[in-house]
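Listed next as structure tokens is one chain, alone, in the form predicted alone.
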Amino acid sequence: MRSALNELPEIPALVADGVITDPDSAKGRLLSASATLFKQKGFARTTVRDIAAEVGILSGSIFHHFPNKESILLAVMSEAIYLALARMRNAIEGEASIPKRFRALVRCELEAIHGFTGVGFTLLSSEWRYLSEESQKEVLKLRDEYEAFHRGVYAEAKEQGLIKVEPFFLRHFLRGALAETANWFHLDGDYSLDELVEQVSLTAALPS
């Protein structure tokens, strides 16, 4: 079965560059199954045997791709950030309007939070503590790049007088608010994703 991730336009280039794993490969299917189980059961309660059963392979086969369970979690998180970064860059490429760029970034983050790009992105907060110190540093480096991307657009908005709050504070407020939508916003609910993006933009006092 072809992975839904392969429908995303960013995937082929990222796979070709060796940045992420081909979702349709054996390793890609293993990562996808692992991410889903980590989301459903938690990293600590998910066993290698659980992952193998989900993929339909022997437990020992997993170690042909990853040395241990933590390395799977690290790959899931890292690839989720690489994909999010690529989608954000594509979303604002050639767009001069700061409000439109802001809305594009908000939409990209909401799509990641609500599973458009797989469940790996949501694991960054819930399962972070299970990474070793070395692995945390690796993910933090990518996360810093992701956060700097957001703050760069916010800084341009402030320079143009479109917002008054400092980019650092705005980003922290919005990151928490967007993450919280996982607990109350539903794609099949009363509001569409586009409407949610617009409400977030109004909250930031950005013009249309």
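Bear in mind the structure is a predicted one, so any value in this text is a computation, not a measurement. One-based numbering along the sequence shown.
Below, we turn to the form predicted in complex with the DNA, even though it does not appear here.
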Practice problem: May I ask whether 48, 61 and 65 each come within 4.5 Å of the DNA in the model of the complex, counting any non-hydrogen atom? | Solution: yes
Quiz item: Going by a heavy atom distance of 4.5 Å, is residue 150 a contact of the DNA in the model of the complex?
Solution: no
Quiz item: Does any heavy atom of residue 69 come within 4.5 Å of a heavy atom of the DNA in the model of the complex?
Solution: yes
Quiz item: residue 26 near the DNA in the model of the complex, any heavy atom under 4.5 Å?
Solution: yes
Practice problem: Indicate whether the DNA has at least one heavy atom within 4.5 Å of a heavy atom of residue 57 in the model of the complex. | Solution: yes
Quiz item: For the chain seen here without its partner, which of 48-56, 179-187, 160-168, 139-147 has a heavy atom within 4.5 Å of the DNA in the model of the complex?
Solution: 48-56
